[in-house]
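One chain follows as structure tokens, the form predicted alone.
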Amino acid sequence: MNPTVVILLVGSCVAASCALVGAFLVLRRMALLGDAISHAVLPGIVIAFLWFGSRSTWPMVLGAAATGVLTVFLIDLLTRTRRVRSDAAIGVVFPGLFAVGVILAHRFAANIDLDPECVLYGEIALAPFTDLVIFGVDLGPRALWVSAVILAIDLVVVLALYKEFELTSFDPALATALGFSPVLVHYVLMSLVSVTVVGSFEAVGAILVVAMLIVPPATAYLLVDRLAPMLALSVAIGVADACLGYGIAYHYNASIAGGMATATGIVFVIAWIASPRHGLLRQFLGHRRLRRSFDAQIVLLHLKDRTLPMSRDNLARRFGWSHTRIDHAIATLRTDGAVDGDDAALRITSVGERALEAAGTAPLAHEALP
């Protein structure tokens, strides 16, 4: 199989599986959990090596996944005391477990090449060159099989427990009233997150896993307001980020994992600025329309019940406004037919008076709200 195709497939599978479970982390405000698990699994990796005496994939994955579940349990245990916030609990647990892993590695595996840098940074470029061999049969790139199996597990579990995940994410009290166990569902989801994060380490490294776990769902969160479209869009954005990141890395001859992580940030910034509902551009335009509507309202109120017209310059001096600001207000009123006359003699029209009567003393700005 072409190495480029393998790299894109592995990156896409990792991105899709991470985005699928990461969407629920974003909704539950647990975005830092992925980063915590990525550091806290080190003692599990060392213990698995010492127990099985092997650096093969599945013992490492099982040991790291068990430590990931332990991390979630300890964080949840601290949070339930109601004396420690969830973010503080994460900050307490994962440095402690990571430190334990460093001590174990230094004490019992100092002469063993566990290669923590490979776990941290990953090297997806090597994914096409390590095959999975079962009973003497070469099945192709191992990283592709591992990432595809993880994606299949995530997809099956999310589809099977979609209603439970949705209820416990938005309204745990209602889930309890309907007979669901939010705690059990929580641990199922966290176990899924642990397996997804740990299983992707060898292929792409922790940095890319954390990026794919949070950034595509956060991007989708800016664009849609319903869970099902958010899940689908998160997966689509994650796959697009993987492909775009590979193109960036190829063009600049840089790290592929770094290029993919960079792509997630680029796409997020674009969505943050240009989102039709919550983007900065939408907010800026909405605030500008709102201010101009208020300015027009103030000018109308000032012209009301005046027998003599007022000039543009006189209004600007009275309000302390710039000529640009007063011109925008007058242009808005003229477009609505609320004032007539030239800049030297502005008068309120019957349309403007009716608008003031309809609004009473409240500002005429409702239509300008974003």
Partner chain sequence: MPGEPPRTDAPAIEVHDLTVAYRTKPVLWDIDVALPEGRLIAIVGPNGAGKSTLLKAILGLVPAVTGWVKVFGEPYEKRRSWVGYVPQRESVDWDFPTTALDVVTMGLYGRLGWFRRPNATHRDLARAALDQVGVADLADRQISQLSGGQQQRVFLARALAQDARLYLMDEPFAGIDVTTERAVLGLLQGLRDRGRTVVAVHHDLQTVADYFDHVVLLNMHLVDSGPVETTFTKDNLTRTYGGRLTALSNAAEALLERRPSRPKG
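Numbering follows the first chain given and starts at 1. Remember, predicted model here, so these are calculated numbers, not experimental data.
Another form exists, predicted together with the partner chain; not displayed. Remarks below refer to it.
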Quiz item: Tell me, which of I90, V195, L97, V185 has a heavy atom within 4.5 angstroms of the partner chain in the model of the complex?
Solution: V185
Quiz item: Among the candidate residues L285, A254, V269, L159, which is the single one with a non-hydrogen atom no more than 4.5 Å from the partner chain in the model of the complex?
Solution: L159
Quiz item: So which stretch, 323 to 331, 22 to 30, 37 to 45, 337 to 345, is the one near the partner chain in the model of the complex (non-hydrogen atoms, 4.5 Å)?
Solution: 22 to 30
Practice problem: Tell me, yes or no, whether A274 is in contact with the partner chain in the model of the complex, where a contact means a heavy atom of each within 4.5 Å. | Solution: no
Quiz item: Is there a heavy atom of D225 lying 4.5 Å or less from a heavy atom of the partner chain in the model of the complex?
Solution: yes
Quiz prompt | Proximity of F170 to the partner chain in the model of the complex, heavy atoms at 4.5 Å | solution = yes
Quiz item: Is there a heavy atom of E164 lying 4.5 Å or less from a heavy atom of the partner chain in the model of the complex?
Solution: yes
Quiz item: Which residues from 74 to 98 come close to the partner chain in the model of the complex, meaning a heavy atom within 4.5 Å?
Solution: R80, T81, R82
